[in-house]
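Here you get one chain, nothing else, as structure tokens; it is the form predicted on its own.
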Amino acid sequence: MDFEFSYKTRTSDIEKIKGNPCDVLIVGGGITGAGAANILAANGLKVVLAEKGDFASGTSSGSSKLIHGGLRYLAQGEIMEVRSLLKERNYLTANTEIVKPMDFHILVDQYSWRKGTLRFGLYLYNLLSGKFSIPRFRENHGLYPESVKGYFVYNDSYTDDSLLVISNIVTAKMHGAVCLNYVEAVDFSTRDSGSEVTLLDHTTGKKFSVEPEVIINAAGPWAGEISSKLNLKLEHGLKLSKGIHLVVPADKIPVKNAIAFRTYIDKRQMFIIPRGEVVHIGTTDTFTNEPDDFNITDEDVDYIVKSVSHLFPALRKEDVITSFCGIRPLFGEGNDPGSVTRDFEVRMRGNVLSILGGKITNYRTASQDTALKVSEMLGMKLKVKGLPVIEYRRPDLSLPERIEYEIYHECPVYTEDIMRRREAARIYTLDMGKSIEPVVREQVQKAGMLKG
């Protein structure tokens, strides 16, 4: 690849944009901000994206890593939402190497939905995804505990959520966008000619400003905080739901397929997802008032372990290698986080667009809706159909070469940016990446990056 996107170019990019006008400033470097940057930069707009942490360091690296239509949303009557999500799942699975299909077993026991209900729901799910397929019930012949009568098989997809974000970010950069991690929007002011936004570079402590015509609030769980800084009120409010996942060794839950089941504790749906050396299990779904509430309690761990050990008795609390957490931004009504819609809304107020709610699965739809509103605000026609497209591909290289490639093409700033997001070894390996850490640190030192 003949361009560089690194800690070094990040510094020169800041010098290039400081004090200057731009078409669009995107606040937030998660999946919605990354998708918006990709589609707008592909249209030739002058785009600046500012993320206060690393790209994908919030909700977009704390998801279940599933690209799916939301089978349980059918029970809530959200048929059109499921259809839209399945359309996006099919597109991403067919058009990216980052999203891959996976078989799921949905278990039938005394805590599950009834067998007939599941059969009809899966039939409708298949139909909405474009497949005419009648689901077949399979008897349990020792694969699961005797309490499980059997299971249905259905198909969804999984991804590396951090890589999905970063690939959109790098593609946006390839089209000319300035994408800055560890840069926070700290102050917004209105001028005769538009807006001035003060940005803080957390790596140096220095502030600088940009003058955007349009501001996009894509801060996810922090969208409420950004709205407050912009003196905008969210009439219906943004609800935050905390989802916690545990990482355990694969030999404790020796399955090749993913599993969906309802926990015996409170009948919430949970997932068991094999990811190579490890298995991810979860998730919780509880309201929180703080977008930075990544605290994982013993009660949370006990809840997940007890739910899963009911099916796989070998699993113990001490088997948990690590855990990760994501805060879901929900925009809708309801006192139960599980019943609040996972749809999104793009709201326009003056020269500000706020992307509220949504899922990683429908980020392209959110990006398209955002681009259409930017088109309206700027009075210019933008291409939306078929976008955003991921053009960045990470080549197949040896470990040292791959780390070096990530350093110069994916703009990590610190060692942990590689360990947690570019490689994501902290959650995909038995040793939490300890075996590759010396290689990473060697390449970081060689490149002259910050080491924190």
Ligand SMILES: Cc1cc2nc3c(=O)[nH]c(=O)nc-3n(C[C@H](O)[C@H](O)[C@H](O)COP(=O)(O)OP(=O)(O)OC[C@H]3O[C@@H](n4cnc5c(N)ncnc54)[C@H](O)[C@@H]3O)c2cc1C
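This structure is a prediction, so every number in the text was calculated from the model and none was measured. Note that residue numbering begins at 1 and tracks the sequence as displayed.
Form predicted in complex with the ligand: not shown, discussed below.
Just one of Trp222, Tyr111, Tyr144, Phe331 comes within 4.5 Å of the ligand in the model of the complex, counting any heavy atom, and that one is Trp222. Interface residue among Ser307, Thr361, Thr171, Ser354 relative to the ligand in the model of the complex, by the heavy atom within 4.5 Å criterion: Thr361. The ligand is not drawn, but in the model of the complex it has no heavy atom within 4.5 Å of Pro388.
Proximity of Val183 to the ligand in the model of the complex: non-hydrogen atoms within 4.5 Å are present.
Contact annotation for Glu51: at least one heavy atom lies within 4.5 Å of the ligand in the model of the complex. None of the heavy atoms of Ser162 is located within 4.5 Å of the ligand in the model of the complex.
Per the 4.5 Å heavy atom criterion, the ligand in the model of the complex is contacted by stretch 320 to 328, the sole one of 96 to 104, 254 to 262, 122 to 130, 320 to 328. Residues of 26 to 63 placing a heavy atom within 4.5 Å of the ligand in the model of the complex, in sequence order: Val27, Gly28, Gly29, Gly30, Ile31, Thr32, Gly33, Ala50, Glu51, Lys52, Gly53, Ser57, Gly58, Thr59, Ser60, Gly62, Ser63.
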